[in-house]
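As a starting point, one isolated chain is supplied in C-alpha cells, in the form predicted on its own.
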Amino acid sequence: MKAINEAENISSRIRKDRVFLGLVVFFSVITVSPIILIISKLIEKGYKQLSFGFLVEKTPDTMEAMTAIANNELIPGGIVNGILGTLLMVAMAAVIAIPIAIITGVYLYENQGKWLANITRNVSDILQGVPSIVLGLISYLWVVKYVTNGFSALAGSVSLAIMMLPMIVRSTEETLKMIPQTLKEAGLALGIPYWRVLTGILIPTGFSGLMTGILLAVSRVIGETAPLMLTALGSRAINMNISKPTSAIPLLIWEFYNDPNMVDMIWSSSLLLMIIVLAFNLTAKQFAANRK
C-alpha cells in the first residue's frame, strides 16, 4: 500500500512538473513573440533601402522621393546627417555624464548610510523614472534659451547626459560593492594615496561592471526622440557645429513619418537604429559575462 501511494505521489509530481513546464514555455513564447514580430517586420520592410549609399549620403527631399516612387525605384539618398548627429550628441553626452556619474557612484559607495548619500541615491533613482520629454524641456530651459540661444547639438547632448547619469551612478556603486574590501585595505596599508587606490585598483578591477553600465546607458539614450525634438530640432544638412541644430536617426524617423513619400526610409532607418542598439546591448552583455 505504501509503495502504491509513493508511486501515485511521484506520478502526481511528474504531472505537475509537466504542467508547470508547459506554462513556462507558453508564457515565454508570448513574451518573445512581439520581439520576433517587430524584428521580422523591420527586416522585411527595411532591408531594401540598406546600402552603402544609405550610410554616406544625405537625406533626400520630398520631390526626389516622389520621383523615385513614380519610377518604381528605391528612394535615393541616405541618413548620414542623422548618423553623424547621433554620434556627435551621444559622444558629448558620454563625455559629460561618465565622469560625473562615476564620481557620484564612488561617493555613494564610500558614504553608505550618510544622509547626503541617501538623498543623492534617492534623487538618482527618481531621475531614472522621469519621462524623457521632461528632461528635454529642462535642457531647453537651461541650454537652448540661455547658452546657445537656439536649438543645438549641445542642448541635445545635455538632455541625453541627464538620462545617462542614473544608470551609470547605480552601476558604479554596485560594481564597487562587489570588489573585495581587502584590495582597498591592502592598497591603503602600503601607503598609497586614496586617489591612486581608486584609479589604480578599484576602477580597473571593476572595469567590466563600469563598462556594462555605460554601454547600457548609451543604448538607452541612442534611440530617444522626445528630448531631441525640444533641443536639437534636426537638420537635413550635415552639421558638426555643437551650437547649431543637428539631426539624429530618431529625429529623421519622426520626420519621415510625417512625409508619406518617405515611408520606406522609416523602415530602413528603424532597422539601422535597432542594429546599433542591439550591438551596444550585446557588447554590454559580453562585459557583464567577463565580470563574472
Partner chain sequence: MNTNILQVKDPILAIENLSVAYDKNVAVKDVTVGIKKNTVTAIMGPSGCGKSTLLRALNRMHELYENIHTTGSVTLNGEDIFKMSAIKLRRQTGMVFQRPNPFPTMSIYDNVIAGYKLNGINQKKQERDEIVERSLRDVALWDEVKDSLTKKGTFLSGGQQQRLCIARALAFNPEIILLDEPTSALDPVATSKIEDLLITLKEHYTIIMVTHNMSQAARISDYSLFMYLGELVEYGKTKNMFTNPQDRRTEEYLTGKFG
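Numbering follows the first chain given and starts at 1. All figures in this text were calculated on a predicted structure; none of them were measured in a lab.
There is another form of the same protein, the form predicted in complex with the partner chain; it is not shown, and what comes next is about it.
Residue contact check for residue 99: none of its heavy atoms lie within 4.5 Å of the partner chain in the model of the complex. Contact annotation for residue 71: none of its heavy atoms lies within 4.5 Å of the partner chain in the model of the complex. The closest heavy atom approach of residue 131 to the partner chain in the model of the complex falls outside 4.5 Å. A residue is said to contact a partner when one of its heavy atoms sits within 4.5 Å of a partner heavy atom; residue 149 fails this definition for the partner chain in the model of the complex, lying far away. Comment: 183-191 is the region of 160-168, 183-191, 86-94, 122-130 lying near the partner chain in the model of the complex, near meaning a non-hydrogen atom within 4.5 Å. Site annotation in the model of the complex: the residue of 80, 201, 103, 137 reaching within 4.5 Å of the partner chain with a heavy atom is 201. Here the marked residues 114, 196 and 205 all reach the partner chain in the model of the complex, each with a heavy atom within 4.5 angstroms.
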